[in-house]
Structures are given as C-alpha cells and as structure tokens.
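What follows is a pair of forms of the same protein chain, given separately as structure tokens and numbered structure 1 and structure 2.
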Structure 1
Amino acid sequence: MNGVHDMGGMHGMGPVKHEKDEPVFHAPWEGRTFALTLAAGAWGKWNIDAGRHEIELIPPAQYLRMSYYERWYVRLVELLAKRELVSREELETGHAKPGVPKASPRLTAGQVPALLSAGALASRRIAESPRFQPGQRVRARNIHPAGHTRLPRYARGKQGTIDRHRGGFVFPDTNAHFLGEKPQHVYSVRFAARELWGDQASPRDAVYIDMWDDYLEPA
C-alpha cells in the first residue's frame, strides 16, 4: 500500500536527532511490549510480513504521532484479535472469558535463547534459474497495490542494474495476507541516485534495493 510508512524521499520530517548513550528501552513498558510481541508471535499465528502490514494499517496521522513501541502495542492488540488468540471482548474487559481452557504450551524462558538464535529463515530453494543476470538493466514495475508490498514507492518505474542474485525468498506481498509464500528470486538492484532523484543528486551515488522477481521487468 502507498502508506505514510513508505517514506523514502519525503521532506519535512525534521533533523535526525541522535541521543547520546541511548538505553535499549526508554521505559519498562517498551521492553514489555517488545517481549510480549515476540512471545505471542511464537504461537505461529502470524508471520513477519503480516506483522509489518499491521503497522502499515495504522492511520497515517496516528502512525506519525506514535512512537515506535506504541505502534508495536497497537499492532500486537490487532494481531491477537484478528488471529483469534484473544477476543475483542477479552481485550475490552482485560480478563479471559470463563470456561476457555488455558493455552499450552507457551514459550518458556528456557526456550528463549534457542528461539532467538534460530530466527526464521525467509530463504527458500527455487528450482528455476534466476530470470536476471548481474549487469542486466531492469526496471522496477510501476505497481500500486492496496495491500502489503516491499517495493518502495520512490523506486517504482525507475531503471537500475542487477548487482547480484540474493537467492530465493518468501514473497511478502502474498505472505502478509496469508495467501501463500510464493517464493521467488531476489536481486540486489543498483539505482543511480540521479535516476531516482534527478539532477540534484550526486552523479556518483547510488541506492541498492533488494527486489523480488515480481517487482522487476526487463528495461
């Protein structure tokens, strides 16, 4: 979706503010929100793409006002309800509906190291060979899907060069909507800064974006 989250190239967001000796979390609720999200995610009721999309669905004015972990909180509540781990009624009352058995087995502290060090591989084996070769000119497609996509708006319609093949990966545009993994080749594509931004950019600079096959067409 062409959401406000897709902010590459926007002006007006102010200066970048660097905080010296920044803590990992600025308040205990941030850490709890982070941990709740990972622990609830361990039930496997959603995937990373669905999680990203849920944040994109926060209305733009609120998205921009909210801090990072406030967005995580909103996302967690929505995912719990939509994926039916918790009902809207339970979220409203703050208590489990009587008579519903406790979920099991939940993630334990002992399982945390293994969970984190395993991660979740998004790579997939793909039988067909890659459609594009390094050095080949390509164009990012001019698409404007209403759903989730990882093709940033500033690159659409722009020409670049295949830098290298990255391997096969789960396709976010379908996976985010639980419509299957549709794995496909991903390429690192080099876009000259001037192709993206015109003459104001340095003739030397470039932006590299990892692009799924479906995002590309021959130039």
Structure 2
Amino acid sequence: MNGVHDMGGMHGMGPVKHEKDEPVFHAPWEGRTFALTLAAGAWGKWNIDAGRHEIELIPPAQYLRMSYYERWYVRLVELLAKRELVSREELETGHAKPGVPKASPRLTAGQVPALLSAGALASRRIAESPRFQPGQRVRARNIHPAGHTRLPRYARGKQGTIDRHRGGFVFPDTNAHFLGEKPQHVYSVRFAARELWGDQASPRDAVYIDMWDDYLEPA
C-alpha cells in the first residue's frame, strides 16, 4: 500500500542520525516489547508479512512521531485484538476477564535461543524455471495495491537489469492477508541511480532491489 512507511526517495525527513555504539535496546520496555512479540507470534495467529502490514496501517501522524519499538508495540496490541487472543476490554483495563481460561505459553524460555538463531524461513522450492535471467532488462510494474507490498514506490515503472536469481520465496503481498504463500522466484535487480532519481544522481551509483516475479515485466 502507499503510505508514509514507504520513505524511499521522500524529501524533508532530515539526515539519518548514526548512533555510535548503539545498544540493542535503548530502554527496558523495548526489550519487553520484543519479547512479547516473539511470545505472541509463537501462537501462529499471524505471519511476518501480516505483522509488517499492521505497522503500515498506523496513521501517518502517529507513525512519524513514534520510535521503532513504539510501532512494534502498537502493532502487537492490534494483532492480539484482531486475532482474538486478547479482548479490547482486557487491553484497556490491563486485567483478564473473570473466568477466562489461562493458556500455557507456546514459547518457553528454553526455546528462545533456537528461535532467534534460526528464524522463520521464507524460502521455498519452486518447480518452474525462473522467468528472467541475469543480464535481462526488466521493468518494475507500476502498481499501487491497497494491501501490503514489498515493491518500493520509487521503483515502480522504472527499468533495471537482473543481476542474479535469489531462489524461491513466499510472496508477501498475499501472505500478509492470509491468501496463501504463492511462492515465486526472487531476483536482485540493479537500477541505475539516474533511472530512479533523475540527472542529479551520480552516474556511478546504483540501487539493488530484491523483487518477486509479480513485480516485474520484460522491458
């Protein structure tokens, strides 16, 4: 979807501030938010793409004023309510409803190290041959879906060159809305900076974007 989260090429956001020796978490609540997200996600009520889309649904003014883990917290609250793991009333009061059964955690402390090291693999085996080959000229489709997409807005309608084939992966656009994984080939596509940003860009620079089959068409 088009939204403030898709900031590539947008002006007025100021410089990127590099924090030397940046800690993993700036405050204890950020670590707790991360832990709660892992614990709740273990129930399998949503996937990583649905989680990303939930952040995209945060109203723009709120999104811009929030820190990274504030967005994670808001996302988690919405997912818990929408998937009916917790009621809105329980979230507002901070107390479970009387008589509600208490579920045993799906993720135990002993399972966390393995989960963090392995993650959730999105790669899939695909029988069909890739549509595109390295060196082939392609164009990113000029699409503006209302739902989730990993196709950057600044690349839509632009021409690039297939640099390499990445393999088969779950298609985020359908997976985010529980419409199936629809695995597809993914390619690293090289876009010249001037193709994306115009003549003011350096002729020596390029951007490499990983793109699914459904994002591309022959140039």
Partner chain sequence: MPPAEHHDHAHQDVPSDLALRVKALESLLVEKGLVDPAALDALIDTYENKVGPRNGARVVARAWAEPAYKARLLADGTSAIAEFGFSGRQGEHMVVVENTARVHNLIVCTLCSCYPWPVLGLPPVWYKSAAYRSRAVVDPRGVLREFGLEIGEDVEVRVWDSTAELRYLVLPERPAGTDHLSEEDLAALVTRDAMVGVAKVEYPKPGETA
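When a residue number appears, read it as a position in the sequence of structure 1, where counting begins at 1. Just so we're on the same page, rigid core means the largest C-alpha set that superposes within 1.5 Å between forms. A quick note: this is a predicted structure, and the numbers were derived from the prediction, not measured.
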Matching structure (the form predicted alone), either 1 or 2: 2
Core-superposed comparison between the two structures, residue 145 Cα displacement 2 Å or beyond: no
Threshold 2 Å Cα movement between the two structures at residue 104, rigid core reference: yes
Threshold 2 Å Cα movement between the two structures for residue 199, core superposed: no
